[in-house]
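This document opens with one chain alone, in structure tokens, the form predicted alone.
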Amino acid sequence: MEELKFDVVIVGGGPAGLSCGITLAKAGIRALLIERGRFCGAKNLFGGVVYTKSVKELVPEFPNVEPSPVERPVTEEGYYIVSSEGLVKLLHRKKDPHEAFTATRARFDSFLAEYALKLGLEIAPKTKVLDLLKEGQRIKGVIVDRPRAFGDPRPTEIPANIVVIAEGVNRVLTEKAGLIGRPFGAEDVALAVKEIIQLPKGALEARLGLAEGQGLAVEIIGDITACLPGTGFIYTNRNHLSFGLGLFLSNLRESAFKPYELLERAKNHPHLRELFKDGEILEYGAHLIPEWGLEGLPRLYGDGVLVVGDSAGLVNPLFREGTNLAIYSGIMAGKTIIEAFEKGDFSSRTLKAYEAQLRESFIYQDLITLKKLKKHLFTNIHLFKTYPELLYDTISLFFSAQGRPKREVMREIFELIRKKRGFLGIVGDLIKVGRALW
């Protein structure tokens, strides 16, 4: 039992937990990271964009590392606006292709885990935390699903001065720690469904207009989600692409669609179908993403406990941020723990400095900015139907004059706008968006 006493126990081997572990290992603090998957990243669905700056905070030599977790640098990004009849592409070629990269969590998390192990972090995979050890209201360690010894089937207790909860969206331990008032509801999370699709050799570059080594990250809005609030996405990997949808679970539950049906419908959109032609599905999965925002933010600290990453709801869907926020929160938690060991105080009196750091950061400021966004999307569903159709029809008219007087074409465009939404309606929508964001 003496061997199982650690300074810190971290629950969860995603970017938040690993970032905290790396920060602690660099400071010489003995920490154990517990991961219920076969390895760090084994149970994660993520296949998207990671920002280089956040990774360099942990690994200064990144991206000059081997083996590299980078699938492709993001050289081009933007939006596909999809109507039932076609799509409009709004793409941006990046100045710095090394600013962001696509990754799969199986490789990215494993990369961080290997880096952490070399620094001295201890990692226990294939282990589930059943409960928290408590002494009154103070967290004193964890209880795991491993027997104490041969012939003793009782679950093992692992004492620690501080427990870092990085369990992800399913906030079981966060609730047991008394840091949230209620479980999340269907309106508080989005369900992401995704496939990894292998295309014939050379097809990925040819169909997306990329050179070898270039990468694309696209968010898709409109008919792709059957006009429900949410987005689709395409991210290019080394030899395949990630394609999927993210929708609020409450909207999906009320619709007539099952998640896999909606994904299949999206793949068969007449202007996306060719992209997936002759593709082989390598992986399918679904995962919940926290969308509870500022109002659902749990208390992030207590006596002997901190909460990081998705467990804290640190996701910014509008700007496609999640992994980098998890990394930053893990680093902040690690720095707070180092200070706690310097003081010899593991109570909330010292650990509250973590929440103070977070409140001073851009992460919390962005949560404030987006606090009304979810309600705005729920109450303005027409944004996902009317505007994609209007944009596509307007641009189609503009570029198909075919010998007609341009004044006549412009009158037709104005009439189309009037019928679809009206100029006052558009102005009103712009005001609502402004109020939702500022």
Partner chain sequence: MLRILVSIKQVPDTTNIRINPETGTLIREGIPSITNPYDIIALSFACYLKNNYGGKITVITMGPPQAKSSLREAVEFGADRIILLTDRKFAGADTLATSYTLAEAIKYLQAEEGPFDLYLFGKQAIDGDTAQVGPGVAVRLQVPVITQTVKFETLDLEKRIIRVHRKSENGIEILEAKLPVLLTCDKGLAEPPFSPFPLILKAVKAEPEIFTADGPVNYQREKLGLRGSPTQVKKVYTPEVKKKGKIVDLSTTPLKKVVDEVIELLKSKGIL
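Numbering follows the first chain given and starts at 1. Fair warning: this is a prediction, and the values are worked out from it, not measured in the lab.
Same protein, other form: the form predicted in complex with the partner chain, not shown, and the subject of what follows.
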Which one of 360, 280, 342, 264 is close to the partner chain in the predicted bound form, taking close to mean a heavy atom within 4.5 Å?
280
Residue within 4.5 Å of the partner chain in the predicted bound form by heavy atom, from 145, 295, 254, 274, is 145
Which of 123-131, 312-320, 265-273, 287-295 lies within 4.5 Å of the partner chain in the predicted bound form, heavy atoms considered? The stretch 123-131
In the predicted bound form, is there a heavy atom of the partner chain that lies within 4.5 Å of any heavy atom of residue 158, even though the partner is absent here?
yes
In the predicted bound form, is there a heavy atom of the partner chain that lies within 4.5 Å of any heavy atom of residue 239, even though the partner is absent here?
yes
Taking any heavy atom pair closer than or equal to 4.5 Å as contact, tell me whether residue 172 reaches the partner chain in the predicted bound form.
no
Examine residue 208 and determine whether its closest non-hydrogen atom to the partner chain in the predicted bound form is within 4.5 angstroms.
no
Taking the partner chain in the predicted bound form, would 74, 192 and 260 all count as contacting it (heavy atom within 4.5 Å)?
no
At a 4.5 angstroms cut-off on non-hydrogen atoms, which residues of 163-178 are near the partner chain in the predicted bound form? List them in order.
none
